[in-house]
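Have a look below at one chain only, the form predicted on its own, in structure tokens format.
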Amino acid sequence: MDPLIVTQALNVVYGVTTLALLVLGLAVIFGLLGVLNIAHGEFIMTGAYCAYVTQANGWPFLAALPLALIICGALGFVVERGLIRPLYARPFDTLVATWGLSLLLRKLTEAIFGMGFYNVDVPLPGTVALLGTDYPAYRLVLIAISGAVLIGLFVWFRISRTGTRIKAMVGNRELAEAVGLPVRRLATYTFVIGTCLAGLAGVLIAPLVPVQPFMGLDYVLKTFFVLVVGGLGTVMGVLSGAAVIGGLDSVVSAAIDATYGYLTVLVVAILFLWLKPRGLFARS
């Protein structure tokens, strides 16, 4: 098999799986709670800075994972309780509130770390021979981790008691409250899970991108495009949206350049908003 074709195919798989991981936190919060968290990119950024902090202090890369989960989880808990909870019945207000939160988190990051770019060392350097081509080992690990997180969350949501309660809350909030389910606590859990997933994604992509305060802006746009194409509330929606957006971006960027790749996914997202606003696999 032609090594160039194999490399490009692996790049597409890498782009799709990592984009699915990046969008997962937003999909959980937007798809289940109806909150369009504009600060999603800043939670990804927070995870990336956790990776940088662990490196700057000489800690192992894996230490960034619990650090990001603790910080993003605590932030998500405070934000849901203090900012989002009074606004659940007012979608536009939650959008404005999380937009303000994104500005606040960005400015706090600038105040602490400055405006400079930071690089995080790749924890698993080198390449692996695969199907006649050499491919970066860390990218292969990231593909595997992204797939494992997607499958794990899907299984947990389907079979766990908490997942069943969350589904009941999403299906009929008033009825769930009437039968005694702790709806407010479940909403908090859901929001915290979404912010933790964003932080996890930030840690994992940090060795592959420049870490800087404005990095979240691009990610929140791409993840929104994925939800527009795939639809809300289903794992198939996340995967299909990531496949369309990530696949197109990878192929067009490789064939022409990154600017045309971004323009292509923007046009596709606009067409879906116009012709199929519910996406490919929206929850019924």
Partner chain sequence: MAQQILATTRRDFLGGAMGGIALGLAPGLIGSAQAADDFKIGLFYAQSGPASLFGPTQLASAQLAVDEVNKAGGIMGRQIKLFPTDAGGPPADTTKSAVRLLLEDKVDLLIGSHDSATREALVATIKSKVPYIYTPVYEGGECSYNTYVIADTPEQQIRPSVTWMMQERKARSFYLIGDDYVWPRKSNEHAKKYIADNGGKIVNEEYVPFGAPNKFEEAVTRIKSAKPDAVLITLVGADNVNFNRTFAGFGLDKEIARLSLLLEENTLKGIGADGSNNLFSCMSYYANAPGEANKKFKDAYFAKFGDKAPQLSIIGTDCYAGVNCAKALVEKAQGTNARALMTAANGLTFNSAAGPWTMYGQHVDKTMYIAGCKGTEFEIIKTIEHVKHGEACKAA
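Residue numbers count along the first chain shown, from 1. The model shown is predicted, which means the values in this text are computed figures rather than measured ones.
Here the subject shifts to the form predicted in complex with its partner chain, a form of this protein not shown in this document.
Asks: Taking 4.5 angstroms as the heavy atom distance cut-off, pick the stretch from 210-218, 196-204, 147-155, 163-171 that is near its partner chain in the predicted complex.
Replies: In the other structure, the partner sits against 210-218.
Asks: Just to confirm, residue 122 within 4.5 Å of its partner chain in the predicted complex by heavy atoms?
Replies: Within the cut-off, so yes.
Asks: In the predicted complex, does residue 134 have a heavy atom within 4.5 Å of its partner chain?
Replies: Yes - in the predicted complex, heavy atoms of residue 134 and its partner chain come within 4.5 Å of each other.
Asks: Can residue 234 be called a contact residue for its partner chain in the predicted complex at 4.5 Å between heavy atoms?
Replies: Residue 234: no, not in contact with its partner chain in the predicted complex.
Asks: Taking the shortest heavy atom distance, is residue 250 within 4.5 Å of its partner chain in the predicted complex?
Replies: Result yes; residue 250 sits at the interface with its partner chain in the predicted complex.
Asks: Would you give me the residues of 239-273 that have any heavy atom within 4.5 Å of its partner chain in the predicted complex, in order from first to last?
Replies: If the 4.5 Å heavy-atom criterion is applied to its partner chain in the predicted complex, 239-273 yields 249, 250, 253, 254, 255, 256, 257, 258, 259, 262.
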